[in-house]
Ligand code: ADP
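Okay, so here's just one chain, in structure tokens, the form predicted on its own.
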Amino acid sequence: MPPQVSECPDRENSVTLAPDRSDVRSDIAVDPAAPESSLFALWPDRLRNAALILLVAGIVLATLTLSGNLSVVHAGIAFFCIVGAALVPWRLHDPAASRDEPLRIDPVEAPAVSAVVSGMSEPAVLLDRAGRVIHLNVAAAQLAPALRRKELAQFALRTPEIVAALREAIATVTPRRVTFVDHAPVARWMEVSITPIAVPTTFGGEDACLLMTFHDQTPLRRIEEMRADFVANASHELRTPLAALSGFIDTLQGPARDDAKARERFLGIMHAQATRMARLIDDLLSLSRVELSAHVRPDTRLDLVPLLRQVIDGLEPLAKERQVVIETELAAVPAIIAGDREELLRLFENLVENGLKYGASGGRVVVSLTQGTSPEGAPEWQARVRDFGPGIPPEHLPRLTERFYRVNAGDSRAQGGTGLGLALVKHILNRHRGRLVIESVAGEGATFTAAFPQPR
């Protein structure tokens, strides 16, 4: 069976042979007109070729010696050199001598190199100097299905930024880094690093390959966008009460200096704005503290029943002000969980206060605590706060826990909301390894369920 020979681009004199070792032979003095299979004929044929070469060389040397153009000594030396050149390669490639020798292959094509590329966690492609694919891992094949071994990567990666960086890396043999946006099927920010790597060649030289890796920058970009939005929203929320305070102070120092009636009204507004600003700052600090300790699960055991009663008693004045009745349906047995008392108080205050503010038109709010099971079947305590107000449109439900997101910004500010209450609830539940479920039907109110896993 003739071996398969595949060219390695831009590597002179390097070939990759099929792994059938019995057919591996070296060839010299080959007749160009001979069929390709004769290059790898068996030993007796090669011996006959060597004998034929020596016979022709002997006739030529003898003719030159008899004609006086070459001395006998020089002819003998030349003949022995030809004998060595003809017979030594056959001995080196004797089947008995080479049976246990490893097959010479291009080091870049070695299985170890393929295993290293395949083992990389990020998409990785190893290219030769021409830009053809030598190895690629599964992640790269999934990211760019058009990539094929032994084919140019430029044809598979049609992004202009990648093609330009790859051409520069090939031309200059220097590292390149480029960022691009992949819009299909969803927007993703990717960073591509192209690093030249010096590798040995089959015949002891050195060549350069290119390792191209892809890094998904989408999570970092999303976080950066969220940070920018958070700073912008926080600045806006703080600027509004500050502007009101500054304006009323100027008015009291000027035209309303001696107007007692206006002064009392303005001071009341200033107090409300200052309270709103203080609450916003408090929510921001609480959210920051919860995020800093998000990886540490609370281990203090406490009972949710007295905790909920304390929250309800504290919000009773607000309920009377809004003419809302708070009904309770709490468990008759202790509801023990592992939690942080101050964070849980803040969580339930936000949920019950939201029900009193935004569901006041329903006239009542029901706070219940029952045992249940999670979607995975684990036992948990479920604290529900249900109001009977106008409800929440379904398109707003997935975004309610985003920072500063409001269904109705004007109504929320009028109610004294900061836009951080449900975001704080979500982060507290995440730290307690719980979950938040929001259900609402237009015209029938909304139900917020905070579920906590029961400790073993």
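In this text, all values refer to a predicted model and were calculated from it rather than measured experimentally. Numbers for residues come from their place in the sequence shown, where the first is 1.
In what follows, reference is made to the form predicted in complex with adenosine-5'-diphosphate (ADP), a form of this protein that is not presented.
Shown alone here, residue 355 lies within 4.5 Å of adenosine-5'-diphosphate (ADP) in the predicted complex, counting heavy atoms only.
Although the partner is absent here, residue 420 sits close enough that one of its heavy atoms falls within 4.5 Å of adenosine-5'-diphosphate (ADP) in the predicted complex. adenosine-5'-diphosphate (ADP) is not drawn, but in the predicted complex it has no heavy atom within 4.5 Å of residue 54.
In the predicted complex, at least one heavy atom of residue 407 sits within 4.5 Å of adenosine-5'-diphosphate (ADP). In short, of 347 to 355, 324 to 332, 74 to 82, 289 to 297 it is 347 to 355 that has heavy atoms within 4.5 Å of adenosine-5'-diphosphate (ADP) in the predicted complex. Each of 387, 392 and 400 places at least one heavy atom within 4.5 Å of adenosine-5'-diphosphate (ADP) in the predicted complex. For the partner-free chain shown, 446, 448 of 434 to 456 come within 4.5 angstroms of adenosine-5'-diphosphate (ADP) in the predicted complex, judged by any non-hydrogen atom.
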